[in-house]
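In the block that follows, a single chain appears as structure tokens, in the form predicted on its own.
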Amino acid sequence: MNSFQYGKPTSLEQVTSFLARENANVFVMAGGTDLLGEIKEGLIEPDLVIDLKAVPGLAYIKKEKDAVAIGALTAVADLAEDPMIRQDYRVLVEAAKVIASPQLRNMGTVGGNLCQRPRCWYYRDARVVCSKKGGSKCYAEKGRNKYHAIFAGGICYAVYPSDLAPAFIALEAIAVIASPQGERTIPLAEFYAPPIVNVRKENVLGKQEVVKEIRIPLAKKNEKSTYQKFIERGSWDFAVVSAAVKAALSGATIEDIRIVCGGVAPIPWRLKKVEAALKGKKATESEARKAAKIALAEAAPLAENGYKIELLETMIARAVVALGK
């Protein structure tokens, strides 16, 4: 580990000022559960690490006139236990509760979870210079690829590990991003960039930008949501496959639906064709499986991860059935 400076800004303006430093590798730390691992593993060599925890007013959950605002430094544990979130946004509670361990949920933040780096074992091995680290190829394509992407691979087959990202995207969340030039907003669905756009990054944050807040629309009375996650280990683990679903229901009939999956692509993966096939249908397992097969026909599994096709169908079916309960 190389030596680096540690910055402890006390305002968002100071944060963006640090980020504006020229010719310096500056990294933002929220809970630190991912960043510190990357430093220890030799994946990054920061000149300066900015600790956001000293900045007041970035940890909150508040209901406003037209949205619920969630500060980027809100602890994952606090998100899972908030009474308003528990009442109106089941998908967020279910996603937050299956992130890591209780200790890590207390340390980890909403913004950090949304901006974490992939867990691909080739990327995490400092000795391997894969395409995501400036190399010429993705070693997973012809190597060990049990946990890798079945959609949108090619340049890089690493899957995006966040549990909160599919849930927030299903809820049509918007990210508020701060920089020295001010603030901008972007749908969270557009926050993530596939490898074909930039293989070295998973999101569209500029060098001088930081996520300040996530905003979600106020819940409607006829809407339900859920998060289904399959993990390999009995204890905490990253999703092998997950499905976040939000739907507007009329009785048992699906009027509108959004399905966003994790563990299957380099970014949270929305299944628009499955959504279209389910509109007007009953929220049943048979209808869900029938619709899921539409998306699965477009999957391109690698040598060791073809099992994800059937698993994804099952996660979608479980989510749709859960909506009807």
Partner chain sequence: MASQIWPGAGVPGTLADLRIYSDGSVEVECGTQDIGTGTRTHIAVVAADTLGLEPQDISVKIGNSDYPWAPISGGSLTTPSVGPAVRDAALKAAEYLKGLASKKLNTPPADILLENKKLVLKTDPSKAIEIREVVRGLPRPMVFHGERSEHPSTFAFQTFGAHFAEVEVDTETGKIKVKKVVAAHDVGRVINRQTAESQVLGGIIQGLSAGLFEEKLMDPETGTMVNPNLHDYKIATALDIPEIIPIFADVVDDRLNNLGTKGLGEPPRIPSSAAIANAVYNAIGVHVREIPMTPAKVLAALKRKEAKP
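These numbers come from a predicted model, not from an experiment. Residue numbers count along the first chain shown, from 1.
There is another form of this protein, the form predicted together with the partner chain, and it is not shown here; the text below is about that form.
- Query: Of these, 196 to 204, 139 to 147, 101 to 109, 86 to 94, which stretch puts a heavy atom within 4.5 angstroms of the partner chain in the model of the complex?
  - Reply: That would be stretch 139 to 147.
- Item | Interface residue in the model of the complex among 53, 282, 289, 273, criterion: non-hydrogen atom within 4.5 angstroms of the partner chain | Selected option: 289.
- Message: At 4.5 Å between heavy atoms, is residue 238 in contact with the partner chain in the model of the complex?
- Response: The answer is yes: residue 238 has a heavy atom within 4.5 Å of the partner chain.
- Even though the partner chain is not shown here, does residue 318 get within 4.5 Å of it in the model of the complex, heavy atoms only? Heavy-atom contact with the partner chain at 4.5 Å: present for residue 318.
- Could you tell me if residue 119 has a non-hydrogen atom within 4.5 Å of the partner chain in the model of the complex? The answer is yes: residue 119 has a heavy atom within 4.5 Å of the partner chain.
- Task: Indicate whether residue 314 is a 4.5 Å heavy atom neighbour of the partner chain in the model of the complex.
- Result: Yes, contact at 4.5 Å.
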